[in-house]
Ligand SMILES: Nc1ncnc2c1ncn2[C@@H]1O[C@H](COP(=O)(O)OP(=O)(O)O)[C@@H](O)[C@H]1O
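As a starting point, one isolated chain is supplied in structure tokens, in the form predicted alone.
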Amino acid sequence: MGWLQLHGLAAGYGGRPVLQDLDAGPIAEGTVTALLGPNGSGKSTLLKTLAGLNPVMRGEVLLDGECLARATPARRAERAMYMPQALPKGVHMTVFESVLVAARSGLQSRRDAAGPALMRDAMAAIADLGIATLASRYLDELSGGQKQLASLAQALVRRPRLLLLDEPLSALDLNYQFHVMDVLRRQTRQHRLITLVVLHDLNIALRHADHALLLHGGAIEAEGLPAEVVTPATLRRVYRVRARVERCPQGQPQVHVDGLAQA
């Protein structure tokens, strides 16, 4: 059984710490963890640090018992896949070609796979996200939401051990938000990934995530099941709002904000 664990993790930019002494986990494989918190709380910094884009100032990140900070860049790139919030400008390549390139850059066992198998994997990843009609379209002519879905297909087809997604729903409509979260949860379980996803919609986190980390001021405010993390008390402390968390007729917890909390 694989897992991700943080021990006293500190990281930041230019010698200035943003994250301080984070302890979290073990986060089990096959689970989707929602990274929650207000703007500037350190969510993106945490993902970049796990991906090796920010140096670890102190502490360690263990993935299946291996210290990621001591892994070679090639080893880290093989094990962790990071999808940023601001996607790079689209290159003149079709969606299918981009996903096929991603499939070939995955694990060594997949690089050695026959071409037809990789092509099937690439097309399956595209179809799973509901964008088969975009397969022959060029990335540099897609809308922001379509590029986001193509980038997600590239990430999923690699089947990394650790999948790190920074606001993958930000440019998607309501239908695709729910569809993508269903696909993420299913793929995470099927391939035993460890998926961390930054979300601002607390109701999506409550409905689709298995686990949640709530960050505030570069520290972990709460960790656990989403319904244990998203509570009226934590919403008041972290988001400064008066809110209720109530069950809908289908039994799903939902956040209802009544107003701003008094300072």
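We number the residues from 1 along the sequence you see. Owing to the predicted nature of the structure, the values given are computational and were not obtained by experimental measurement.
Only in words, not in the display: the form predicted in complex with this ligand, which the text now covers.
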Listed residue (P232, G40, G30, G59) with a non-hydrogen atom within 4.5 angstroms of this ligand in the model of the complex: G40
V18 versus this ligand, in the model of the complex: is there a non-hydrogen atom within 4.5 Å? yes
Counting only non-hydrogen atoms, choose the one of 220-228, 59-67, 201-209, 32-40 that falls within 4.5 Å of this ligand in the model of the complex. 32-40
